[in-house]
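Okay, here we've got a single chain as structure tokens, the form predicted alone, with questions on binding and movement later.
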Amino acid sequence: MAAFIGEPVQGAGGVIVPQDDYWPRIRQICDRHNVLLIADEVITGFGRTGDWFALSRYGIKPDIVSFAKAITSGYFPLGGIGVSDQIAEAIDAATDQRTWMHAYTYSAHPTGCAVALANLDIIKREGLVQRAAELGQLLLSRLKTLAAHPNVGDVRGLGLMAAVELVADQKTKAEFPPESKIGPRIHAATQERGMFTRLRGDVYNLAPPFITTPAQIERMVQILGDSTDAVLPAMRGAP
């Protein structure tokens, strides 16, 4: 194996937050077998989890980190990778046929880089990484009030990314049959009440902007709670 790649917090899978020792153990295993550790921080990078990069909270460094989206806040398309000193030195030291060369049509696009620098300056100047951490704690604590609903199987999150998983049975975590379309129905109900976000099956994902207010977070939780009650009142405890 040449490399291990993964998201520090799996976003597309439904905001799956690993246990605290997961990434340190992965780092140890990669080091033991001389395998590169690549962190996909496209979603988690630049403050989303309450740290500049999600893996830093575990006290480890990847060999390669990929990033995009948040470096410009989506105002301009830009992505890239960062590499460790060891990898950079290996690239720089190569000669002749061993020289590694690659290029993309829009590499080092001056407008994209200018937008990224301005955006990162705003994030730093306005303390938005710390704000994401603080608002994330509020978001998760308020979402956990929904756990009393018998069809809420899990509430999880880190920073300003969270998810509420809907299940047919809270005790067994049995899922709803796909044809019941519980997730899409709740998604439609939240849209009727003024909130739109991402859905993964019956997992309702939330990733509000760093400038979200506490009042808006309260409103988001209220909408999701009302929508869940509207769709699932007669199905509580159903197999």
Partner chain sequence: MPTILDRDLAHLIHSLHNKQAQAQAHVWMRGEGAVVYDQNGKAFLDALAGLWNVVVGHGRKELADAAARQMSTLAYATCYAGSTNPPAIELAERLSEICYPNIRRFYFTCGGSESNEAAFKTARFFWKTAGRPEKVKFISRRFAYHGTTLAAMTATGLESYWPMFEPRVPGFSHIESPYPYVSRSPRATRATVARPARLRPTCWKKKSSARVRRPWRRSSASRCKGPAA
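Fair warning: this is a prediction, and the values are worked out from it, not measured in the lab. Residue numbers count along the first chain shown, from 1.
Although it is not shown, the form predicted together with the partner chain is what the next lines describe.
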G127, heavy atom within 4.5 angstroms of the partner chain in the model of the complex: no
Contact of D154 with the partner chain in the model of the complex (heavy atom, 4.5 Å): yes
L138: touches the partner chain in the model of the complex, heavy atom cutoff 4.5 angstroms: no
Contact label in the model of the complex: L117 to the partner chain, heavy atom within 4.5 Å: yes
Contact check for P62, G80 and P208 against the partner chain in the model of the complex, heavy atom at 4.5 Å: yes
Contacts with the partner chain in the model of the complex, stretch 104-139 (heavy atom within 4.5 Å): Y104, T105, Y106, S107, A108, H109, P110, T111, C113, A114, V115, A116, L117, A118, N119, L120, D121, I122, I123, R125, E126, L128
